[in-house]
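Heads up, the chain below is alone and in the form predicted alone; it's given as structure tokens.
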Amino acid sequence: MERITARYYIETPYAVEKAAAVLAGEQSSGTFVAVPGETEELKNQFAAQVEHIEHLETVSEPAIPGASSPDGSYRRAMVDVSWSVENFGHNLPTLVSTLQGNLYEITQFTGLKLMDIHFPESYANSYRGPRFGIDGCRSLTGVTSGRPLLGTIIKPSVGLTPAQTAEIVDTLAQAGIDFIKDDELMTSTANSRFEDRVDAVMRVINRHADRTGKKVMYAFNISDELEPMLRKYEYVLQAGGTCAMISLNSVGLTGAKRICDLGELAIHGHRNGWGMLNRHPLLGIEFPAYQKLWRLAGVDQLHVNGIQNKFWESDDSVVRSIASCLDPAPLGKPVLPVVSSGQWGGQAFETYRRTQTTDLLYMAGGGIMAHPGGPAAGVTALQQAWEGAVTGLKLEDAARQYKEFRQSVEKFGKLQFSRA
């Protein structure tokens, strides 16, 4: 029988082997004491198995509260645990309950983080995964390979009327933007009803597409309870839209998969709330595991943060996240990494140097909207930055060669997001 294997980074005040056995038991057929019916035959079929242990460092202070150490030491390790697919079939909520459930509350652990998940081949047959992905999003936006899709976020996040939003979209479309999105805080407000905003924005986008042949992808935020989400999805589709956005951690796997299964709009997955799941080095989930779950649900685009970002995440972590999105496993279909957070053209050079890929949706909010020459100049500056990065120019040389990018450097080049 096929098995799913999860890798955990753990810390425990006990012997690592003992703690790993507790994890495997609690998350499968066992509990804290032997119970009637827990036969050897049952355990052989359904019990989780500890497959591998890699011992790491020992520390003197626990990472998070848990049992006290008898000898004052807390042992860290990488532990691989596997489950038979028979335990949960192809049921994403039960899979998550198994791999990320009560194990976080087991007292034997003073640290536990899900690092990665390896799925058997049957999952590729049972889950369609991204309907559009990288190639489909390029096709919808008319952006051939050789550069990223370039996008922005409507700012201010909330407060603009549909007419004001449409005016900004018109400016950006004329400047050659590929992608625009609602902020995650914007769905329907007192002065911007969802349907009114869709109507106003799509009139502009459709008119521009009729004139130029290029249709800007706009990710309307449909995040809501399930039935309203379905209605919003249909409204975007009927208006001629090509994309909908979901706040993944708010909507959940089941809601996201239901929307993705419709298969007619590209789905932009926003991971707001990510820090709650990942920020502690020994608690939560790492991005390689996280993105696989959402890829199984069918998300086409997924946020990964950005190089030299305004948040806490390191550049190394961002690079690993981009690489994990581009890895075709487990479905043979990569998901489009969305680079964002305090981005402007200046980070394009380091992003390309570190990743050597243009298969990105590169998002600049303030980096476009706050350009001294206006949003249109901001789009041009971002295009120039990526052209320079891909052709091998250094940032300084690109600033000398391109006027709008030079203005970006003068405006944003001294911005430093403190890590102190």
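What you are looking at is a predicted structure, and each value in this text was computed from that prediction instead of being measured. Each residue number is its position in the shown sequence, starting from 1.
Below, we turn to the form predicted together with a small molecule, even though it does not appear here.
Peer 1: Verify the contact flag for Glu184: yes if a non-hydrogen atom of it lies within 4.5 Å of a non-hydrogen atom of the small molecule in the model of the complex, no if not.
Peer 2: Glu184 belongs to the contact set for the small molecule.
Peer 1: Does Pro62 reach the small molecule in the model of the complex if we count a contact as any heavy atom within 4.5 Å?
Peer 2: No, Pro62 sits far enough from the small molecule in the model of the complex that none of its heavy atoms falls within 4.5 Å.
Peer 1: In the model of the complex, is there a heavy atom of the small molecule that lies within 4.5 Å of any heavy atom of Phe311, even though the partner is absent here?
Peer 2: Residue-level check for Phe311: yes, a contact with the small molecule.
Peer 1: Is Lys155 near the small molecule? Define near as a heavy atom within 4.5 Å, in the model of the complex.
Peer 2: Lys155 belongs to the contact set for the small molecule.
Peer 1: Among the candidate stretches 336 to 344, 104 to 112, 86 to 94, 117 to 125, which one is within 4.5 Å of the small molecule in the model of the complex when only heavy atoms are counted?
Peer 2: So the stretch in question is 336 to 344.
Peer 1: Taking 4.5 Å between heavy atoms as the contact cutoff, choose which of Ser223, Asn305, Thr242, Thr141 touches the small molecule in the model of the complex.
Peer 2: Residue within 4.5 Å of the partner: Asn305.
Peer 1: Sort through Lys232, Arg197, Lys292, His270 and report the residue having a heavy atom within 4.5 Å of the small molecule in the model of the complex.
Peer 2: Answer to the contact question: His270.
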